[in-house]
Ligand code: NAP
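In structure tokens, the next block holds one chain alone, the form predicted alone.
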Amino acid sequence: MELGDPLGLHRVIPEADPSAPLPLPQRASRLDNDPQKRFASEIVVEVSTLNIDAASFRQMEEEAGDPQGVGAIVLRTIGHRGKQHNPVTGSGGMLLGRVSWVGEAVSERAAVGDRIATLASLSLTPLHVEKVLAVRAASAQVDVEGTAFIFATAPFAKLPKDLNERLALAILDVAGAAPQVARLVAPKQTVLVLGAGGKSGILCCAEARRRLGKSGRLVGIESHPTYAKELNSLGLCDMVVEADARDVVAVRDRVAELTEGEGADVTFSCVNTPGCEMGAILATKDRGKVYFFAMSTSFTACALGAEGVGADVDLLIGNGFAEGHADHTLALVREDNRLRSLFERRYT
């Protein structure tokens, strides 16, 4: 049996130009998703649910004109690319399933029968789907019958016994957000979260409140009225503002009003729609930090936009992985009964 490359290069289908260098799986146009092939450095998973990232699900929902049409688009994408790698947003998501086979080179990582959630993006995960069983728009999850392949370097988490699997999947999808907040937020700061009522936004607010304690200020901006109301009920934010983050001037002015003209020390953008980059930048004080967790972000718009308005801020690219991030975020939800109850209502 072939070993296979730890980074998954053995599943990359070369480009038409034979002289072009072989890209890594995430950048590749197509992956070999043949469910019959086995490599000693892979783990094979029977897939039951795809958790599509919010920006990708919203784009597909708008394209289809109906949430149920998302399933057909997912099948089309996987058929063309061998992975769920949205060609419009460039993003993927993650999956839930059962380990069905473990290569001898990675035998210490998992055992047959383990229930796991991948922590690497679907945009780099070889995936073969036979059938879509259900589309659940509220949680951006798609139930399927399929097979996926985990490379030797790709992270995953074994599902906890004390949490509903769908709830755990929803949490693990954005598990990288809270640890990044923990690294960036300090007491007495002013913290702003855009898209604060969504899944990653609420986790950012919960971690920011934990780091701030009773000091500093935490401002959440959310456009969806129900989500804004639910966020307010958690008591995490000092102020919850119902506003559209795409209205960058309104965001700037409202944050300036709430912070006596100072702006935020740290801003986290967790929105699921494009066009919000400058709102985050303009609402942040000079030498502040703006962390873009959302996959809807245009990093060109960030860099050129900040330059164009003379904003001297540090622009940080969101990274869905941080050491220990799965345990960190699951513990955060376990510790707050109100947060756990809200997520159970939404995602199970």
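Here the structure is a predicted model, which is why all the values come from computation and not from measurement. From 1 onward, residues are counted along the sequence shown.
A second form of this protein, the form predicted in complex with the named molecule, is not displayed here; the remarks below concern that form.
- This chain is drawn without the named molecule; in the model of the complex, the residue among V313, A55, L31, V47 with a heavy atom within 4.5 Å of it is A55.
- Exactly one listed residue, out of Q141, N86, S223, T147, brings a non-hydrogen atom to within 4.5 Å of the named molecule in the model of the complex: S223.
- Per the 4.5 Å heavy atom criterion, the named molecule in the model of the complex is contacted by stretch 265 to 273, the sole one of 75 to 83, 209 to 217, 96 to 104, 265 to 273.
- Using a 4.5 angstroms limit between non-hydrogen atoms, E277 is distant from the named molecule in the model of the complex.
- Interface membership of H128, defined by any non-hydrogen atom within 4.5 Å of the named molecule in the model of the complex, is ruled out.
- The closest heavy atom approach of A243 to the named molecule in the model of the complex falls within 4.5 Å.
- In the model of the complex, F151 stays away from the named molecule, with no heavy atom inside 4.5 Å.
- Of all the residues from 285 to 311, those having a non-hydrogen atom no more than 4.5 Å from the named molecule in the model of the complex are F293, A294, M295, S296.
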